[in-house]
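Next up is one chain by itself, shown in structure tokens, the form predicted alone.
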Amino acid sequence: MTAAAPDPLSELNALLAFYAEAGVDDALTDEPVNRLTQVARQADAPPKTSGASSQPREPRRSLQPAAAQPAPSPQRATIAAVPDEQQAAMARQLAAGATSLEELRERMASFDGCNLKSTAKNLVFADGNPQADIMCVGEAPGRDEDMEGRPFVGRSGQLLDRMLAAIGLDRDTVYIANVIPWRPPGNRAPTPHETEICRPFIERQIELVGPKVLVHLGGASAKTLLNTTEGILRLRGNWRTYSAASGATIPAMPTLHPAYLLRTPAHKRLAWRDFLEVKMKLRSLA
């Protein structure tokens, strides 16, 4: 029995859906590149000979159409520039001068020293109750968070809500933020430069909230704020101490990021143990 030929339109729709789910929202070139044409061009090229040829060799040409290789504009070069220490120093100055969460948010919104702001749609500042005893800190917003301007609202956020509910908490009793307030393009990992620039903002945010317990959602948050190089599987489940610039210390629990748990459901049991530890810690501090 002959199998039905695949529907090209269905395959294209499935591919676009995959790209959208992965966070791809921008094209790399202004013109589409026909990869089939490139393959045909390579197949039609004359075979190489081992002996010397008397014919002059043509210069190698790029297989990519010329239209797909635009010269970088000054604006694009500016966006791609690597942040320097001056921008990090400016972030530290702005963060230190904020006397309230609202003022900190306004200063972050006006800050142009991080390249991620130029590609993000919204500043993702925080969600939940700023008077809460517990503060959860993730790494960076994803596509859904970037669209809504709130952290943890996509699939990983829905799982986080269920994890919090399991220990009797919700977004009215928890404050949630990220180390990076702007979504990296394509959900890529933030660079060390980008993280270092944004670090003063989240540190000041923690200081202004003053939670009794800090929960690091994922290795990036734990490594950045606890100044450690240990992996999250070694960090999780063990109480650490976060030291604020003011001198205050906060019990901190590193745990697995909800996005990781969606990919590795078997490790949900580990996160459950961590959240039970958080629940008991909150009771002891009440």
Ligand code: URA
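Quick note: we count residues from 1 along the sequence shown, nothing fancier. It should be emphasised that the depicted structure is a prediction, and the values quoted were computed from it without experimental measurement.
If you look for the form predicted together with this ligand, you will not find it shown, but the lines that follow are about it.
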| query | finding |
| --- | --- |
| Contact check for E139, S156 and H257 against this ligand in the model of the complex, heavy atom at 4.5 Å | yes |
| Non-hydrogen atom contact P181 with this ligand in the model of the complex at 4.5 angstroms | no |
| Segment that reaches this ligand in the model of the complex - one of 141-149, 199-207, 161-169, 101-109, heavy atoms within 4.5 Å | 141-149 |
